[in-house]
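Okay, here we've got a single chain as C-alpha cells, the form predicted on its own, with questions on binding and movement later.
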C-alpha cells in the first residue's frame, strides 16, 4: 500500500461530481485541506477530447478522481450497448490522457465489480480479472471499465506515473438514480415499494428468481475508501472496495419493504434475467490496511430512503432520464 499522497493544499478534480459516487467523493474531500475542482457537463462534455485537454491544461489539477461514467442496470445495458461501450471508453480515455499531458501527479480510476467473469471464484479476488467470460447482461460496461483499468496500468508502466484503480462493489445511497428503466436494484425496489405503500398495493414484483447473491456498499463508505486509497495506495493492481458480505435479492427486497413500510408481498418473475449467480468481492487487500465501512445495510437503506423522501418532496429526485 506504500505511496502516501498528501492532499493538503492540492487541487483535486472530481470528474462526475453530480453523480452518486462523485458527489459523495466531493462530500468526503470537504474534510481534507484541499481545493476541489468540478465542471458541469453543460460547460464541458467529457467525450470532447479537445475540450477536456483545454480544461485540464487551464486548471492544472494535482490529482484526478474519475467518477464519471455512463451507468445503468440490466435493462439499460441490454438496450444501449453502443452507448455503454463507446461513451465510457471515450470519456475515461480523454480524462486519463489529458491528465498525463497536464502533469497530473495522482489519478484514481473508478471501476466496477462487473469487470469480473460471470463464474469468478467467490469472493472475487483482484487476480480473477480476465479469468473467464463476462456476464452478458453488462459486458459492454464491463469491457469499457477493464479498458480504463488497463490504460492506467499502461501509463504507470510506460511513464512511471501514479495512476491507480479501485473496483467498488454495488453502490447505493443519496443521489442514486430511481428511474425504473435505468436504475440498479436497490433504488428500483425502493421506488416500487414506496409506490405500493402510497397506493395501497399488495404485491412487489422482483425481476428474476430472487436467488442471486449481491454485495452492497453505502456510497459514503465508498467515498471514504476512495479518498483513503488516493492518499495511501500506489500500486499496479486495482483494489476491490466493498463490505465482504452479501445478501440474496429476495432478502434484499424484504429489507427494502421493511424500511419503506407497508405490507407488500414479494413475488418473482423468473422469465427476467438474474445476472451473475453471485458477486462478492474479496476485500482482504483493502481490509488489511485497517479500513472498514461504517454503515450496515439496514442503516444505509434507512438513510437512502430518507434522502429519497426529502428530494421527492422537493421534486428533484431522479425518476426519469436526464
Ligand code: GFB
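In this text, all values refer to a predicted model and were calculated from it rather than measured experimentally. Numbering follows the first chain given and starts at 1.
Below, we turn to the form predicted in complex with the ligand, even though it does not appear here.
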Selected contact from 91, 217, 226, 189, since only one has a non-hydrogen atom within 4.5 angstroms of the ligand in the model of the complex: 189
The ligand: the contacting residue among 128, 74, 161, 85 in the model of the complex [heavy atom, 4.5 Å]: 74
Options 146-154, 119-127, 239-247, 204-212; stretch whose heavy atom lies within 4.5 Å of the ligand in the model of the complex: 204-212
The ligand contact at residue 28 in the model of the complex, heavy atom, 4.5 Å: no
Partner contact for residue 141 in the model of the complex: the ligand, 4.5 angstroms, heavy atom: yes
Contact flag, residue 170 vs the ligand in the model of the complex, heavy atom cut 4.5 Å: yes
Touches the ligand in the model of the complex: residue 184 (any heavy atom, 4.5 Å): yes
Residues from 79-99 in contact with the ligand (non-hydrogen atom within 4.5 Å) in the model of the complex: none
